[in-house]
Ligand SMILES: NC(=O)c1ccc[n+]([C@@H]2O[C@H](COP(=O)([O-])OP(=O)(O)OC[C@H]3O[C@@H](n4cnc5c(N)ncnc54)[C@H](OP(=O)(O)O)[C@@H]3O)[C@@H](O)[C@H]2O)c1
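This document opens with one chain alone, in structure tokens, the form predicted on its own.
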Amino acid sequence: MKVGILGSGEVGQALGRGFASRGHDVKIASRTPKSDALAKWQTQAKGKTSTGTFAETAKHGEVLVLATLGSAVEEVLRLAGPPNMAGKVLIDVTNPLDFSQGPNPGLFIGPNDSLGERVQRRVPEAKVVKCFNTVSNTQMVDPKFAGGNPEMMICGDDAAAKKTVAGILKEFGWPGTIDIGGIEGARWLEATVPLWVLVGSQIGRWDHAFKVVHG
């Protein structure tokens, strides 16, 4: 499968390594695709990798991953070009975190909208699935949690796209998914992330996740 990663930070690089290690053809996008940092990432990644502009990467991917800062989403989608994403699964990993008031973040969108919904409106012909935004980049691939791996909560409007993402999660080592419904569910997945940050600050580590348990 050809995978396009829109964003070259820690999240994009982690997911890119994960896809490449499973035999997928990965292209990662950056404003500076020939940078030393991405050259190092290519050297370390196991598998077929390349770098490119946002438009080149969006054209390349059969499945796309949006892994930028929340504040950069609109610009990245513009650079990638909505026509290049039409008909494709677009995994949205972004969060609308706002650190303007101090180290504990708030959200710059909500509670009646979300980045996931904005992405879907901006790229209406793509099949957006919110996923991976509630865990650390260190746990996105081959997760290892002391209490057992949780199911990943996802949402999106297209059932077939969510099935594709569920397959990717299985490939990456997750036990399954909890599908919370349409893309409007991104409001609540994104809203859990400031709480995730507060918990991490208290326990002094960033490899934790929330798990649904029941009697």
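Heads up: residue numbers just count along the shown sequence, starting at 1. Since the model is a prediction, treat every value here as computed from it, not as a measurement.
Omitted here: the form predicted together with this ligand. The next part is about that form.
For the options G9, P194, G23, G200, the residue carrying a heavy atom within 4.5 angstroms of this ligand in the predicted complex is G9.
Checked against this ligand in the predicted complex, the candidates T164, S30, T49, T177 yield a single residue with a heavy atom inside 4.5 Å, and that residue is S30.
Contact check for G70, N95 and M140: all three have a heavy atom within 4.5 Å of this ligand in the predicted complex. Heavy atoms within 4.5 Å of this ligand in the predicted complex map, among the stretches 40-48, 62-70, 183-191, 147-155, onto 62-70 alone. For I109, no non-hydrogen atom is located within 4.5 Å of this ligand in the predicted complex, even though that partner is not displayed.
Taking the partner from the other structure, this ligand in the predicted complex has no heavy atom within 4.5 Å of any heavy atom of S114.
Taking the partner from the other structure, this ligand in the predicted complex has a heavy atom within 4.5 Å of a heavy atom of N133. Using a 4.5 angstroms limit between non-hydrogen atoms, E125 is distant from this ligand in the predicted complex.
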